[in-house]
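To begin, one chain is listed below as structure tokens, in the form predicted on its own.
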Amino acid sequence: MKALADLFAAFGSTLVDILPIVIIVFGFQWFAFRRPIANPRRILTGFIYVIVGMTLFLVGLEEALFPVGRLMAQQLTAPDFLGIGHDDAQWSHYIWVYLFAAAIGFATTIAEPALIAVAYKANQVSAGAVNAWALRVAVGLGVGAGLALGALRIVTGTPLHLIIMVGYIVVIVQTFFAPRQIIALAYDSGGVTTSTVTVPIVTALGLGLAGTISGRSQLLDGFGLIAFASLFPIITVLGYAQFAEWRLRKLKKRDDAESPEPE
């Protein structure tokens, strides 16, 4: 009965959240454009699918993803797993935490629907110049590296703003040297990682990690991982574009050197 009550509560909450979107879309169509909505039955069916899907997703988050994130953080930081005493832990003892954060960040990003959509559109509008799979891998590596560094920050207690400031300085410097056509896409790639799949797991991991390490506050230290997940993909995508441009120039120079001179 409790599970059913939670399901209906999530359904009601989702319905309230979706309602403003429905009002704005239909309101503009009727009062601004003064035209009937094409395929109303199809659109209504789509909204029903969205509401049901979001309801099941929210229930799944609460029942599975958040508990799994907390459980993994507790297990990875347990003294018996680390093989140390409660007061003997050093940042270097948490290597499995950093590896898990990097791996789960990469895996969730690769599966992120928002990133898949952006990569597909980028490949489409660039006529194949932007490889969709390469873009997803570059973003995934950025999220993985960012979460590993974010986990290290929680373990060591390093102030969040210092790392973020340094990271954005790197981004600004890269922006001056990266190919112009990739800059906007790189900045958007940092935003699409903070979506339905990545955010719940990353948040659960950060809160669980801060809650199991002595001297850490879940409010002050548990949050902030999402900032790393947004920042570091910009760095890796810009870096990937810079590497590709450098490699292209190198190949062009080699071809020019090998081509025979005209007589």
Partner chain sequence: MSENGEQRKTPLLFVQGRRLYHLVVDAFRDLTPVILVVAVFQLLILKQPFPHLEQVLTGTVLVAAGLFLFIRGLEIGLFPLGETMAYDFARKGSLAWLLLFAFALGFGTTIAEPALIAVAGEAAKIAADGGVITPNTDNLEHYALGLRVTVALSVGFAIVVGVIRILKGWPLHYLIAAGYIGVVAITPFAPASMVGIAYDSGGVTTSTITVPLVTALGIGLASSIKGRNPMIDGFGLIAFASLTPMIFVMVYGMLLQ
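Note that the rigid core is defined as the largest set of C-alphas that superpose within 1.5 Å between two forms. For clarity, every value in this text was computed on a predicted model and none was experimentally measured. Residue numbers count along the first chain shown, from 1.
There is another form of this protein, the form predicted together with the partner chain, and it is not shown here; the text below is about that form.
The contact residue chosen from 9, 251, 21, 244 relative to the partner chain in the predicted bound form is 21, the criterion being a non-hydrogen atom within 4.5 angstroms. Contact annotation: residue 96 falls within 4.5 Å of the partner chain in the predicted bound form, judged by heavy atom distances.
Although the partner is absent here, residue 126 is a contact residue: one of its heavy atoms lies within 4.5 angstroms of the partner chain in the predicted bound form.
Taking the partner from the other structure, the partner chain in the predicted bound form has no heavy atom within 4.5 Å of any heavy atom of residue 157. Within this chain, residue 91 is remote from the site of the partner chain in the predicted bound form, having no heavy atom within 4.5 Å. Residues of 35-50 placing a heavy atom within 4.5 Å of the partner chain in the predicted bound form, in sequence order: 35, 37, 41, 42, 43, 45, 46, 47, 49, 50. After superposition on the rigid core, the Cα of residue 138 moves by less than 2 Å between the shown form and the other one.
In this overlay on the rigid core, residue 240 has a C-alpha that sits less than 2 Å away from its partner position between the shown form and the other one. Core-superposed comparison between the shown form and the other one: CA of residue 226 displaced by less than 2 Å. Shown here is a form in which the CA atoms of residue 54 and residue 114 lie at least 3 Å farther apart than they do in the predicted bound form. By 3 Å or more, the C-alpha separation between residue 65 and residue 158 grows in the predicted bound form relative to the form shown here.
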